[in-house]
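Quick heads-up: it's one chain on its own, the form predicted on its own, in structure tokens.
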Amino acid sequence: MKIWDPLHECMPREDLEQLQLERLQATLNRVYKNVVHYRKLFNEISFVPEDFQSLGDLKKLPFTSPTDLQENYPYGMFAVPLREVVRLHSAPGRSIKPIVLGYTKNDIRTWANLVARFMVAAGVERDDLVQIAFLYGLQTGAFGIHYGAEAIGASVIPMSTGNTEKQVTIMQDYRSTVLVCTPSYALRIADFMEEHNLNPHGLALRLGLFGGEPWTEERRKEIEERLGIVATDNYGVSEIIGPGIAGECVYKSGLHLFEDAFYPEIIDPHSGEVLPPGHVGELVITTLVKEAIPLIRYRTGDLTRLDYSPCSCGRTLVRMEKPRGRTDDMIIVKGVNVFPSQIEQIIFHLTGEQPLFQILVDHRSSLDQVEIKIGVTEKIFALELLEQTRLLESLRRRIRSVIGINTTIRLVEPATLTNVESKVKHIWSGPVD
């Protein structure tokens, strides 16, 4: 079995922990010196980087939240001058303004090597043709996979998203061997091929690397059977680096988390206390080698647990379980992070009111369907029918423009929403493990 970086992926734990300590000390010095936000936080608790003497000292430091990144928009969290930043991406924030992400040349090089690790672990080789059906744009997914595939020496087909007919044609004609997309889009491709009497087993595809949204073992089995491939999972957080934090090997027994680049903790999402290994809690990550935007104890909002037992593949890195859910109100639709607060701001912007609303996400089809129910207010009720139709269309267009998802929007009686405990409701085709 091939391993891209055996020095770091198979490092004895004692050596790994020493490396983590050294890199943490360097990171803390960098943020204290260069990031006003962290210097202020550290001064408030009378902490200086020289006080950091062991990995256990990390729990004494405050967390970083998505709100911190949002409030320091656009460049307040950068630890290097903008002239050293060679790439800018963004991630959705809780408000309409996005979170700005920066990468130095070294960050891009690190990113490529981390992605190459999980791609090789999944079975990608130099002779593969990798078809990337993630969106090429301000989001991080497509570019991270692109860099990793090129680092391996594989051929990249940068298809981007959509146009399923063309995606399938390219697979057939170019003889693509690896498909990279969301798991829901993989099933959409399978649906298309069945609808057009195309045999997926006639393709050259042998691997699928899927991420960007939660998926179950049942969905993995369905993808593998319908497309005739081996499907593996990978994990990324845009604010941290994008894809490249963790990924499955061919044994599919958890996602190897690259601890030489990221220090993971599992905390109680309510108390913030660090939990022992094996307990389910919120994943917190501290970056160890990121130059442009180093993050200290970043709360991902993802619920998972860590397994430090050896893996049959020979890697010594800790493995994280597939995320079980979220601690906040964020939902993921077709690989896009969506916050109800974003929807709320758009509704207020176009109506001048804050009516009751609910987001319904239907996971029963191969592509998630999103419906938004808005309680009718007196102001909306007073509109002519044509004006109501125009309002709903404006809302749909604005949500598509700002957030990047298509929705169906309906006006309903407010009474039907008054007992709703959450603004988000999920409809699943089966149990979620």
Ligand code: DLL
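Numbers for residues come from their place in the sequence shown, where the first is 1. None of these values were measured; they are calculated from a predicted model.
There is also a form predicted in complex with the ligand; it is not shown, and the following applies to it.
> So if I measure heavy atom distances to the ligand in the predicted bound form, which of the stretches 348 to 356, 210 to 218, 193 to 201, 157 to 165 falls within 4.5 Å?
Residues of 210 to 218 come within 4.5 Å of the partner.
> Residue 148 near the ligand in the predicted bound form, any heavy atom under 4.5 Å?
Although the ligand is absent here, residue 148 would stay clear of it in the predicted bound form, with no heavy atoms inside 4.5 Å.
> Taking the ligand as it sits in the predicted bound form, is residue 185 near enough to touch it, meaning that at least one heavy atom pair lies within 4.5 angstroms?
Looking in the predicted bound form, residue contacts with the ligand do not include residue 185, since no heavy atom lies within 4.5 Å.
> Is there any non-hydrogen atom of residue 85 lying within 4.5 Å of the ligand in the predicted bound form?
Close contact is absent here: in the predicted bound form, residue 85 is far from the ligand, nothing within 4.5 Å, heavy atoms only.
> Report yes if any heavy atom of residue 74 sits within 4.5 Å of a heavy atom of the ligand in the predicted bound form; otherwise report no.
Because no heavy atom of residue 74 falls inside 4.5 Å of the ligand in the predicted bound form, the answer is no.
> 234, 239 and 330: each with a heavy atom within 4.5 Å of the ligand in the predicted bound form?
Result yes, every residue of the spot touches the ligand.
> Within 4.5 Å, heavy atoms only, which of 134, 103, 78, 263 is in contact with the ligand in the predicted bound form?
Here the answer is residue option 134.
> Using heavy atoms only and a 4.5 Å cut-off, determine which of 286, 304, 176, 140 is in contact with the ligand in the predicted bound form.
Looking at 286, 304, 176, 140 one by one, just 140 meets the 4.5 Å heavy-atom criterion.
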